[in-house]
Each structure stands twice: as structure tokens, then as C-alpha cells.
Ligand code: PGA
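Below, in C-alpha cells: the form predicted alone, a single chain.
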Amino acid sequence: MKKLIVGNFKMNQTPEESKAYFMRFVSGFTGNRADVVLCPSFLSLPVASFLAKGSLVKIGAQNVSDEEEGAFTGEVSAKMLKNAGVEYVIVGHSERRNKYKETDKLINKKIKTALKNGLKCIFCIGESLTDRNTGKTFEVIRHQIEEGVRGLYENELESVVIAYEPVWAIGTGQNASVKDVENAAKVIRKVIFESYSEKASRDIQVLYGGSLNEKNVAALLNCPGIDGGLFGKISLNVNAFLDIANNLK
């Protein structure tokens, strides 16, 4: 199975800048080594979807409302995203959990709403530096997964990707070790096994994210139990990210 590579552009790129990026990436992506999902800002989704249509590049959104529709100023619904050509949506990213105080209950509702509307979820989990230093890494991972998928049927997990992103390694330059990532993947699959089945544990895609770059990507994404990566800053460099996507070993 090819690796799954996800680029999270965060709050970067105007629609015009995204247009130039997608023209370059779509024309240069071979799809031989990895499957790719690119997640630009909401405003860039229309141009990204248009340029990626019919290509090997899939489009993702960075957030979604937990509500279907109605008087929710500033929110973007799953139905709107689906209509805009989006296939994936990132849910539970640590920046949303921390800065915008998104709870496990809200994240669970977002996942259910996204799945109901035909979107696939990139469900982010990960411990803080305090959690890590106090030996709570696996406890936090277990809790976030159990609460995030609460109430989902096993067949719905086919549309959920779990992205392990230790908070202390996101945008900090600090890197998780191969052993850190391998152990986290084991815990993730153990939780899914205990909550669902051996098949669900084996089949669910698990990504790693956190200060990934050209130097560490091969080692970290080839850890046992890891099926790909969620990239932040480096995904904004179209040439560097193309090189990773086209030449991942």
C-alpha cells in the first residue's frame, strides 16, 4: 500500500498564491510513491478543487462545523465542503484543541457530521510536553481516541485516518524519535483493537506529523504501523513537498 501524504497549509496562501502552487504541484505529481491530500485555506478550496479535478491530488479542508446548517456565523458545514470538491477534512488538530478550546465531545460530533456528509476525517491526536514529561503519553492517546470515535460503527472507521501529532513536536523543530512514533502507533492500534476488532486495528491508516522534513521523513514514515505523514510548514514549499511525495522510500 502506498503511503498517504497530507499537506496542511494552515493560515497561509491567498487564493492567487494557491493557484500557482496547485498548478505546479498537480502537473509535477506522479503518484507513484504516495497518495496525496492537500489542505489549503477555505478561501482557496474552489481554485484548488478546480485545478486538482481529474488529477491524482485529493483536496482536504482544515476544519468543519459540527452543525449541519443554520445560524452559526463564520462556520463552514460539511455539506458546503463536499459541494466544493473536498474529500478529506482535518479534525482535532492540536491548534484547534488548544487555541480554540475544542473538546473531545465537540471533535466527536465533528467527525460524525463529516462522515454523515460523505467526507473522510483526518483525526488528530497527541500529547503535550507536560503529558510527555509526566509519563501520560499513552493515557492521553487512549483517551483522545476513545472519545473521538465514540459511537462510530466499525465500518465508519474506513473513512477515518488517525494522525499522531505530539504537540511538543509541532512547529518546534523538536523531533519524535523512531521509537516514540513506533510505540505510539502500537498504542493507537491496540485501542482500536480493543474498541472494535483485529481487522479494524490492522486496516486503519495511522499517520505521523510533527516537524517532518526532508531529513527525517524516510525514517519516521517507515516506522512499523505508520502509513504516512501529516506535514505542516514544509508542505508550503511546493518543490520540496513534490520531491517528498514523488520520491518517498
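Counting begins at 1, following the sequence as shown. Since this is a predicted model, take the numbers as computed values, not measurements.
Another form exists, predicted in complex with this ligand; not displayed. Remarks below refer to it.
Interface residue among Ser211, Ser41, Ser201, Asn63, judged by heavy atoms within 4.5 Å of this ligand in the predicted complex: Ser211.
From the list 170 to 178, 81 to 89, 109 to 117, 144 to 152, the contact stretch for this ligand in the predicted complex under a 4.5 Å heavy atom rule is 170 to 178. In the predicted complex, no heavy atom of Phe25 sits within 4.5 Å of this ligand. Taking the partner from the other structure, this ligand in the predicted complex has no heavy atom within 4.5 Å of any heavy atom of Glu127. The shortest heavy atom separation between Gly232 and this ligand in the predicted complex is within 4.5 Å. In the predicted complex, none of the heavy atoms of Lys19 sits within 4.5 Å of a heavy atom of this ligand. Contacts of stretch 88 to 112 with this ligand in the predicted complex, defined by any heavy atom lying within 4.5 Å, are made by His93, Glu95, listed in sequence order.
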